[in-house]
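Two separate entries follow, structure 1 and structure 2, each one form of the same protein chain as structure tokens.
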Structure 1
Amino acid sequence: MNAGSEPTNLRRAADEVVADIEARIASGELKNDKPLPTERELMEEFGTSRTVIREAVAQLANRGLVEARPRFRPVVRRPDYSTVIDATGTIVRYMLNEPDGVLNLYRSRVFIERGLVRDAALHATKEDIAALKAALARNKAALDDSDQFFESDMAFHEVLFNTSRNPIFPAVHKGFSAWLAPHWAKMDRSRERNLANYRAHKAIFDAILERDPLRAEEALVEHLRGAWEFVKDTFAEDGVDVPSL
């Protein structure tokens, strides 16, 4: 992009170790779910101090390539799409402190899910329909148990994300759920709310069944808009003013 007078990022010794271990994981030499060699072994192998090895392992852990529980041997973890989402977790959570953060995130979620239900209405397979139907049934069965309903509610939306047949989307849904959950947990819940949500889900499902993308999208938007009004209230309690969708 720009000429070569840059600060010429020096290489840290740990970076080399990281790259090497990364390669070993990719090549399969270090197998999934198996522990890394001990720090002392690595240190001898790379001819560096434990300081460097530990920094390297920490980096790998932060990238999600290994899982490093304190006091335990780090374990190799071949990353998948939800690893990517997890990696963003702390920063996202940090940015959600600002109310606009939640709003923007929620809007993104609505945007994506709108597209998903449209596509579902157009292209949903028999299996998709069956999965939606099952999720819907679980909603209905959980009407009287708000905790359980909450779970089955998320599960219904997850099915929507699964219809994309693109593994990135379920991972994204997982992220949305995790990030927005704290606010949803504060929401008031009641049988009436559950019933309203169930009916909203059913409206979406029916529209998909009838292959009506427009109506499916509308139903979804109304559903999520309604939910947002309740999330808003959890902010209002803190005296924070949040706009509607």
Structure 2
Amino acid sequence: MNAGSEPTNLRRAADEVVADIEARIASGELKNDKPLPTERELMEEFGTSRTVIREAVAQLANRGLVEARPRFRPVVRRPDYSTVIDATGTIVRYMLNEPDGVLNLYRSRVFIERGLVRDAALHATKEDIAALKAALARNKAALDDSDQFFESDMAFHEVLFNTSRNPIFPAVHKGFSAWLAPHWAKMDRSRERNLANYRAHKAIFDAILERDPLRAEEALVEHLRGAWEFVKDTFAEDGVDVPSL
């Protein structure tokens, strides 16, 4: 056997372990948030080496199926829509450096939120309205603290994504936040800017409260267009030139 075949054999052996464990996670045999069997138990079960087991665990971690930390047993993470978003994060960050990559991502956010606020204006429950009202109150309370205001800003939009009752949309919001947050953090911040954002959020909330989908959509679009003008220049530091929305 030549030396070059050893890595191939390692990958094949690891792939077999991965396929077995992946099937057991999917079936529920391996429970979410519970640790995998120990390395030694896996070695004995599959009749293979520690190196193969560690390669298999690394592959499972890369797929988002387990959480692996040094000196701890890997923990099962049953895949959901957030797993998909996490798994594509590196690719999306690369695509943001493509021509119009950032603009396309932001436009997709505007497109999705336009639908969400219209739907909220028509179908939001009392619980949804209460959640929006509470998020808006936290937004107002944080006007003098830009870091807290930023967190409350994201939380307000998160409520909008949650009102859909569709688990895909909260996962998408998580992705938008992760991919764009570094640039939101670079924006110049002031109480005046925070106040403008708060007022935009209140206009969206008021339109939803009054069950006016058209006004809710208009308020949302005006808000996100204004936000874009403040954030787009932060991408220039990364050598990405982005136009107005």
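Between two forms, the rigid core is the largest collection of C-alphas that superpose within 1.5 Å. Bear in mind that the values here come from a model prediction, so they are computed numbers and not experimental data. Here, a residue number simply tells you its place in the sequence of structure 1, counted from 1.
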Which of the two shown structures is the form predicted alone: 2
If you split the chain into two rigid parts that turn against each other between structure 1 and structure 2, which option among Ala196, Ser177, Glu41, Arg78 sits at the hinge? Arg78
Rigid-body comparison between structure 1 and structure 2: how many degrees does the smaller part rotate once the larger part is superposed on C-alpha atoms? 17
With the core fitted, just quote the Cα shift at Ser49 between structure 1 and structure 2, in angstrom to one decimal. 6.9
Quick one: CA shift at Asp33 between structure 1 and structure 2, core fit, Å? 3.3
